[in-house]
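One chain follows as structure tokens, the form predicted alone.
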């Protein structure tokens, strides 16, 4: 194990002109770019092998239906090529000391078992790997090798060996002509000095399996929204063909269940996740785009279309695309053992009738929650968390990206659910606040 440097106390007036951004999703990338474009050094730390976050996995964005990858890929390239940004992927923050203007950060760089400076991303190693396991990026619908690149546009384009599934056959090492693979690689601990920190740790989806009545995890044709995103994505495991997992058939009658794991006090998620209504509507519209003959129904409690163009998109889903909206909670889902169709019981609030409806495929739209590991980051940086688990901010109105620790800022979903435009806006706001501190470097 490489030993980290001893911390050396610096004068309190010293201000570093470097910044640390924790989290490589779209908000973190925006913050890093805005800080770097003003001439400051940025260390962008991401715990997975690639930056890109959740946006890299979705097919299209609402309300414009623009291609997500078309928006994100140029930003991935810009971050990777920026002379003022140093990518520290497959890395995690372990310790932080100091104060605003002068933080000392220890970061563990996990062993990839592939040297970043030697790997060309050619993929020949993966071709000879005999091990196949469910791919996390594909929501475990598709598969990857034990040595893998998370997705085609992964940044950096460097392969990683998953030692938990590797059988140590070393075929990849024998195939790599660049000598990039190193089975003896160890974790490294590096130490950085930064003046400001931006936390952009993203979110996780609510685990909808805690509602057994909805059938997720029991019935193959009940899937969640991210699994649906990978099925309709041209770069996904089915090359964009929407199918039923049980038999590979194209579904002709699809139901979408909204607000699962949001606004439920009994499950510890009393808040609205803000994005579920619109991503559910978007997914329903895309189902109709893929198959104009398909019948598509959304079951909802309320539609909260609050953003620019959102209400118009909601109306377009009903009028132009013919999506059927039913105001009512789904009570129970039962599978037809012969056809694998799903039979649901739902109360239509508008008609006050209890109905039984059959669908080929059900898509559950989960709410958003604080990501795994946010509590650890909060403890390391001594940040406060709100009752719902997100990072606490100084003031909702006058300081929406300022945490309770001077010099530490937040953006994206680290302090609460946000859609992509709001996450990017918050990233720029956090960058601005960080550069105010960095601009004092060298001042007397």
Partner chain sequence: MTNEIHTPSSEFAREVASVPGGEAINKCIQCGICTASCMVARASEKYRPRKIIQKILIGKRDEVLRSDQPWFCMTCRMCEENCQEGVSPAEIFHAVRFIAAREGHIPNVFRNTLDTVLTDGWLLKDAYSDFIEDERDDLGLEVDLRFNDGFVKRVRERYFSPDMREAEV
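Numbering follows the first chain given and starts at 1. Worth saying up front: this structure is predicted, and the values here are computed from it rather than measured.
The following text describes the form predicted together with its partner chain, which does not appear among the structures shown.
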Given 144-152, 254-262, 124-132, 360-368, the stretch touching its partner chain in the predicted bound form at heavy atoms within 4.5 Å is 254-262
Would all three of 111, 161 and 172 be in contact with its partner chain in the predicted bound form, where contact means some heavy atom lies within 4.5 Å? no
Can residue 329 be called a contact residue for its partner chain in the predicted bound form at 4.5 Å between heavy atoms? yes
Residue 166 versus its partner chain, in the predicted bound form: is there a non-hydrogen atom within 4.5 Å? no
Closest heavy atom of residue 227 to its partner chain in the predicted bound form, within 4.5 Å or not? no
Distance check, residue 346 to its partner chain in the predicted bound form, heavy atom within 4.5 Å: yes
Just to be sure I understand the contacts: of 318, 186, 239, 213, which is the one whose heavy atoms reach within 4.5 angstroms of its partner chain in the predicted bound form? 213
Though its partner chain is not shown, can you say which of 235, 305, 301, 294 has a heavy atom within 4.5 Å of it in the predicted bound form? 301
May I ask you to list the residues of 164-201 that have any heavy atom within 4.5 angstroms of its partner chain in the predicted bound form, in sequence order? none
